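Only one chain is shown below, in structure tokens, and it's the form predicted on its own.
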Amino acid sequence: MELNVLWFILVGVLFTGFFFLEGFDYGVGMLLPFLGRNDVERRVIINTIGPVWDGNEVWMITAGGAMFAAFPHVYATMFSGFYMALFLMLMALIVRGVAFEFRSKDESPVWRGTWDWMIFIGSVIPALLWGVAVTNLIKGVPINEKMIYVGTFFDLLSPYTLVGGLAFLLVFLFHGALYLTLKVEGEMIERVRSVALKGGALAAVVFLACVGLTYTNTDLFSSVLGGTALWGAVAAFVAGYAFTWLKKYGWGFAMSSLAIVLTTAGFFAGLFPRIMVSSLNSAWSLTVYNASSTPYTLKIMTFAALTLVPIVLAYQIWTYWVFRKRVTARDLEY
């Protein structure tokens, strides 16, 4: 296999891992102000993701770094074209990270309530913008023959991409609710299930609308692998909802995870060999061939990845194993 194709797959795997892990992370953050009836319950909710949220974000940083090193032209075009969206996302993530650390430094209800809403905002904005960004990559953005984005921030907003953003947000919310059913205990589980069923029903409608608009607005379904993965994601999401209804939460979370994995895989499969589609001229699209680094650079990166990635994976699996138990009021650190 050519190294530029291999790195396209690796970047896709990194983004898949990021959306799977950070998806429930964002979902928990979105539900925080509404599920916790008192400070102890809100602290329990925060502590379900407290030990892992920053490790989950490493996948985003690694994916961005891999994109920069393997496909520098894509990195440059994307970061200049999506500048405002990425700036807003970065600000939201900074506020969210600060909120996790500062919230319990003072016992004032106003102080803690303010940071709870900062966690909510810092979860909603990235979830929404990731959906807008991914659907823009599939739909195509104005890129000229010099690989330069020639549109504005508002060119990224269309009915399709906004539905895509809303679909990502609601699917992550459903994913986060299912994660919480596995991490909290007692009466809270039933309350979380009720939210998961209501939010999941809305997410199913918007997700189906996003798939339908993907069919009419993009050429993703011309890829057999891409189309199959996306329909598989729909089936997995419906199965996840059914398992939630039956109170089989472990299976429900597994299916919502599979829906996110298949959605991301479908988008990447539909893009290949393109990475950014030009809406002005298909010949001006950035591909794994015209936007990649030199073969020497890719070879060095491959050796580094083969050495370090297993270590990172082992560490993260160990982290989840250590913090695998349900969180109670006796385990509060954040």
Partner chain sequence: MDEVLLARWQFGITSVYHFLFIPLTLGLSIMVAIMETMYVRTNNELYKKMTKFWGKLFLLNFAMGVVTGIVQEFHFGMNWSEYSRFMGDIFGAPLAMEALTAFFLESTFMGIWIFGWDRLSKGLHAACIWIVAFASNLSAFWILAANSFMQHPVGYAINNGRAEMTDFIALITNPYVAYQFPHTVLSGVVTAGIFVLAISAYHLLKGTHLEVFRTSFKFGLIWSIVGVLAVMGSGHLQTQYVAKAQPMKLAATEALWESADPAPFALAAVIDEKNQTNSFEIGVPGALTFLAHDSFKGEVKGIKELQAAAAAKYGPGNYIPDVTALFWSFRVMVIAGMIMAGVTLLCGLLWFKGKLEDYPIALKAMLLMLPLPYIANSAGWFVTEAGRQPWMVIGLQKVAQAASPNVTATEIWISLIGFTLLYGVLAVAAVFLAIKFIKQGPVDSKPNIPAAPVKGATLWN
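No experiment lies behind these values; they were computed from the predicted model shown. Residue numbers count along the first chain shown, from 1.
Quick note: we don't show the form predicted in complex with its partner chain, though the next part is all about it.
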For this session: Have a look at 301-309, 262-270, 25-33, 277-285 and name the one stretch with heavy atoms inside 4.5 Å of its partner chain in the predicted bound form.
Result: 301-309
Exercise. If you check in the predicted bound form, is residue 215 within 4.5 Å of its partner chain, heavy atoms only?
Worked result: no
Exercise. Counting only non-hydrogen atoms and a 4.5 angstroms cut-off, does residue 101 reach its partner chain in the predicted bound form?
Worked result: yes
Exercise. Heavy atoms within 4.5 Å of its partner chain in the predicted bound form: does residue 81 have any?
Worked result: yes
For this session: Although its partner chain is absent from this view, report whether residue 189 comes within 4.5 Å of it in the predicted bound form, heavy atoms only.
Result: yes
Problem set entry | in the predicted bound form, the one of 201, 208, 225, 86 near its partner chain [non-hydrogen atom within 4.5 angstroms] | 86
Exercise. Going by its partner chain in the predicted bound form, which residues of 93-122 come within 4.5 Å of it through any heavy atom?
Worked result: 93, 94, 95, 97, 98, 101, 102, 105, 106, 107, 111, 115
